[in-house]
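Take a look at this single chain in structure tokens; it is the form predicted alone.
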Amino acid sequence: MNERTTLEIIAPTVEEALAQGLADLGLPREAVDVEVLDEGSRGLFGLGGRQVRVRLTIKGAETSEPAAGQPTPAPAAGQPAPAPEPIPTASAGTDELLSISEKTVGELLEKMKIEAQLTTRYGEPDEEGQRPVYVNIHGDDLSILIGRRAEILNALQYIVNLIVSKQLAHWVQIVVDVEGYRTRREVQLRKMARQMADQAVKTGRRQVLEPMSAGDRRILHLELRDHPEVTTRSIGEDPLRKVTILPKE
């Protein structure tokens, strides 16, 4: 499909799949419809279990994909099959998307009476070939834009995504950062994940981390996803949900 309107997530529980999907889309729970495609199975004595599979669909988004299990309609006799539409990338509408994203962030900062400079660029393409837009805010004493556990920054990013996506009439992913905070935070989280994994292996005991946002928890899960000696789980309820690192038996 041309816009990212649906996302399927596989995870140990529905809650974890939902949290991961919302983090990937940068949306709150009320902005998506949730469909549990596979409720999974715990298996016998915890062995041979199957993870759950959940589909998230952005509310109000229309797709032309055929329903699951239905074949794509064939073209009428004598008519050539329509060529697939290209997936938008940095080369398609680059100036417009970057310009609109930067202008939207700038107008919001102006309404907040915050003076800052902006730099805008494309990130690496995801699995669908879509490239997120990164808008980095530069200036003096901008900690007010981050807030405790990046709550203010995440709220600003959510608003920007809504405004730009509505203006362009399709969903786009925009990452708003302040002086490279998100990049530094990710580096710190990945380092901490490795250190706590080493501690779990050394002591043979699980390590419970502090409560984190869904986005931060996702970074930890991904960093240790292929670790040979530990596994990770999210426990508790938001906003106090935590990542637990457990030694593999």
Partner chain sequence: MKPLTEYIARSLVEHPDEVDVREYRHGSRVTLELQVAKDDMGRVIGKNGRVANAMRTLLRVAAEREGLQVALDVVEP
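It should be emphasised that the depicted structure is a prediction, and the values quoted were computed from it without experimental measurement. Positions refer to the first chain, counted from 1.
Another form, the form predicted in complex with its partner chain, is not on view; read the next lines as being about it.
Participant: Tell me which of 129 to 137, 172 to 180, 159 to 167, 116 to 124 has residues with heavy atoms within 4.5 angstroms of its partner chain in the model of the complex?
Facilitator: Only one stretch qualifies here: 159 to 167.
Participant: Are any of the heavy atoms in residue 96 no more than 4.5 Å from a heavy atom of its partner chain in the model of the complex?
Facilitator: No, no contact at 4.5 Å.
Participant: Are all three of 18, 27 and 34 close to its partner chain in the model of the complex, meaning a heavy atom of each within 4.5 Å?
Facilitator: So, no: the whole triplet misses its partner chain.
Participant: For 98 to 119: residues with a non-hydrogen atom within 4.5 angstroms of its partner chain in the model of the complex?
Facilitator: Contacting residues: 104, 107, 108, 111, 112, 113, 114.
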